[in-house]
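One chain comes next, on its own, written out as structure tokens in the form predicted alone.
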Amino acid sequence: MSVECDKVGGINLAQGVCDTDVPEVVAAAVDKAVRAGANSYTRHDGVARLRNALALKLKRDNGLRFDPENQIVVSAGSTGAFYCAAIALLSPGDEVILFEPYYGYHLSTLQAVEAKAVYATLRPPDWSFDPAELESLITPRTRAIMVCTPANPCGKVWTRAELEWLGGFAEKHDLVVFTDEIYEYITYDGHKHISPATIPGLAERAVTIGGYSKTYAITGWRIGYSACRADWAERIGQLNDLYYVCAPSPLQEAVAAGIETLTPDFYAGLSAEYKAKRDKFCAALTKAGLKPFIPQGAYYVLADASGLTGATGKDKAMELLRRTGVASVPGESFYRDGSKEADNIIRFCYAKREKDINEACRRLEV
């Protein structure tokens, strides 16, 4: 869709690339780190400064205690962190429960390590799930479950009650719980991010995955991390060394500077900024006849595309692009093959500069 958008000179609200400004303290720290000589390989699990900063952040913001010496691994983005964790803890043929609509890289990663995704349904408008359905998915090969909160693409923020149920479910069936928390600082309307690893029953079986691509608008830097019990972290770190060697040295230092320096006001301002964009863009979708499913967090919105012409989500996304010059992602990217839900869903990303959001709204409302 990004390629098709470029062909027509459109407004790209498809790919989840935030093109907002990098915090000045983070940007300035890169040059400082390069000039100070931070240009060589780092320890395979990341520079000490960043691991220590992450340990303090996880305690302060998430209520989690991890030893920066043996329980935190810095990797090539949260995607790289998940890949290393998946290949460290899964075997070919293991089954992993994936909530649908899902983030495509979660599925691709499972496929890459030869695990099998089995699907649990999230139902709009609040993207709730049926515990009985999850119980029905359990087989002797079930090894893990993936929880993305706040979620891409639907914006679901898991509640404490849901996570407590999950804790009992994972403990009962001895599951690894992979958590993707990359959007943890972007929540709305009183919804609060809760790290699953804080829930009884999950602390010793969760792999907490996060990063700063979205928080600091540095998607191209590839600085992510995983945090978990020490024996798992050792295996994850060894594989991180094998596949990536290390995350970029000066960029690790710069992210550490951001964590050390930026105050709670910065993170609160981030949510407020995205909430204003969400509200503006969802109002435009409503006027355009594309009913939005209002997200609780992250910076995407799924919309009902049943009023657009076409048999599939891709057809409808292409029709909207031709008609308005606004690019979205078709539902097929978030649902398994053959799913009828995919035919009437498209996703937009509103992590864009104000002028681009305003222009997209104008085009949709015409």
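It should be emphasised that the depicted structure is a prediction, and the values quoted were computed from it without experimental measurement. Just count from 1 along the sequence shown to find any residue number.
Note that the form predicted together with a small molecule isn't included here; everything after this is about it.
Exercise. Which of S78, S195, T215, T142 has a heavy atom within 4.5 Å of the small molecule in the predicted complex?
Worked result: The option sitting close enough to the partner is S78.
Exercise. Which one of Y103, Y274, W158, Y83 is close to the small molecule in the predicted complex, taking close to mean a heavy atom within 4.5 Å?
Worked result: Contact with the small molecule in the predicted complex is made by Y103 alone.
Exercise. Residues in which of 260-268, 280-288, 246-254, 144-152 have heavy atoms within 4.5 Å of the small molecule in the predicted complex?
Worked result: Heavy-atom contact with the partner occurs in 144-152.
For this session: Determine whether any heavy atom of Y183 comes within 4.5 Å of a heavy atom of the small molecule in the predicted complex, and answer yes or no.
Result: It does: once the small molecule is placed as it appears in the predicted complex, Y183 has a heavy atom within 4.5 Å of it.
Exercise. With the partner left out of view, is H191 within 4.5 angstroms of the small molecule in the predicted complex by any non-hydrogen atom?
Worked result: No - in the predicted complex, heavy atoms of H191 and the small molecule never come within 4.5 Å of each other.
Exercise. Any chance F334 has a heavy atom within 4.5 Å of the small molecule in the predicted complex?
Worked result: Residue-level check for F334: no, no contact with the small molecule.
Exercise. Taking 4.5 angstroms as the cut-off for heavy atoms, does R205 touch the small molecule in the predicted complex?
Worked result: No, R205 is distant from the partner.
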